[in-house]
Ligand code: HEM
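Next up: a single chain in structure tokens, the form predicted alone.
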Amino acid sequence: MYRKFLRLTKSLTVSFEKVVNFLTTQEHNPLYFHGALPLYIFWFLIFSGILLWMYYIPTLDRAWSSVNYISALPVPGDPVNEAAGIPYGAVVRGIHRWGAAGMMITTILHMLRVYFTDRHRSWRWLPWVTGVALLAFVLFVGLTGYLLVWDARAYYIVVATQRLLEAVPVAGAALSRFLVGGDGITDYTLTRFLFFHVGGAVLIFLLVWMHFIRLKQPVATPSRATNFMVLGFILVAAGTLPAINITRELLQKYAADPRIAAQALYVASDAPAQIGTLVDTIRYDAWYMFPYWLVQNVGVTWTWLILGGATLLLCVAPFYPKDRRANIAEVIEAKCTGCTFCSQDCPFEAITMVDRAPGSKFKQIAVVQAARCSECGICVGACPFQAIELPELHSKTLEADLLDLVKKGA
């Protein structure tokens, strides 16, 4: 039943991608760059984040005002507001804000595409599991970004996170203190959140390296047209809905300005946080704040069970159902000349070259790492000496099949 489900999702996914090909051409179909898009957007977050970091002050009494200074309301004719902010600061913050949403969306789409096309199981377990870790870190870094604004919503998130951590057996209290850096929230707390935000982003790079470690030629860059399209989406979003600190007080002050009133529904930040004063409800970001929606609606225990269960299912997904692997490539030692062609062409880093014993005719021999072999047969085609075979698919048979496909124009 589960195999049938995967075959169905694969068929539907491929059919949908063929439809998109009619609109974008196969060369520029963004769905074919599903893995490269999150990394491409990540660069926007890095550069816009560095610009924001230059003006951010991580203290309880200056954090909100420094963010407000960056994204001052652009009200033409108002000399105070025109002079008080960073030129295009709201747009840069908007790029960071919408880029973060874009990265989470493309990361989820990437995982769904890999899952629906059954490219997550067996020897692909390492890219999948590191992908799950990347999803968790993207969520973590995004949430810490909301904390740095230090508005009423940020304070609510801190309190809710402490409730979640305190529910952890044995280590709960220590984890809660670790989050804020002591028994209470101080200036060091925001410094800590800034470290979590920047340090988490650095760890994303490390996880990306682990994600690619078994792929010889990963697609890390979308096509030029796709790059411009994504860049356009982010810039249009940041330009039309810039991240501005619109509060009730500012809305009242600029009520006569239709441009400000038009953005009333998009409130990037709330009023400054007041420690000890917790708001009743917060605005939830669909991509980053679903854990807090769960806390508010189903409670702490069920939130842990749902999040933990979902993470466990994602981590074990590559190992079920277990495939029968009887066609792993085998090297014929007498024919191997150590030319390295098979090692160079293997897309999954499954073949390594090792030194032969002293006195051998050839210096090296290819060795197949069974756990990484995808049984694809590329190494068989790459070897000019027929020194590597798939046990259940002889090279002559494979060659005949390929020629047959060529004749059919496949």
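Residue positions are given as counts along the sequence shown, with the first one as 1. Note that the coordinates shown come from a computational prediction; the quantities given were computed from them, not determined experimentally.
One more form of this protein, predicted together with the named molecule, exists but is not displayed; see below.
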field: Residues V132, H211 and V219 all lining the named molecule in the predicted bound form, heavy atom within 4.5 Å
entry: yes
field: Proximity of G35 to the named molecule in the predicted bound form, heavy atoms at 4.5 Å
entry: yes
query: Using heavy atoms and a 4.5 Å limit, would one call P127 a contact residue for the named molecule in the predicted bound form?
result: yes
Non-hydrogen atom contact V138 with the named molecule in the predicted bound form at 4.5 angstroms: yes
message: Does any part of F348 reach within 4.5 Å of the named molecule in the predicted bound form? Heavy atoms only, please.
response: yes
query: Which of L241, L215, A167, V159 has a heavy atom within 4.5 Å of the named molecule in the predicted bound form?
result: L215
query: Considering L194, V114, V149, I282, which brings a non-hydrogen atom within 4.5 Å of the named molecule in the predicted bound form?
result: V114
statement: Only one of 300-308, 106-114, 89-97, 195-203 has residues with a heavy atom within 4.5 Å of the named molecule in the predicted bound form, and that stretch is 106-114
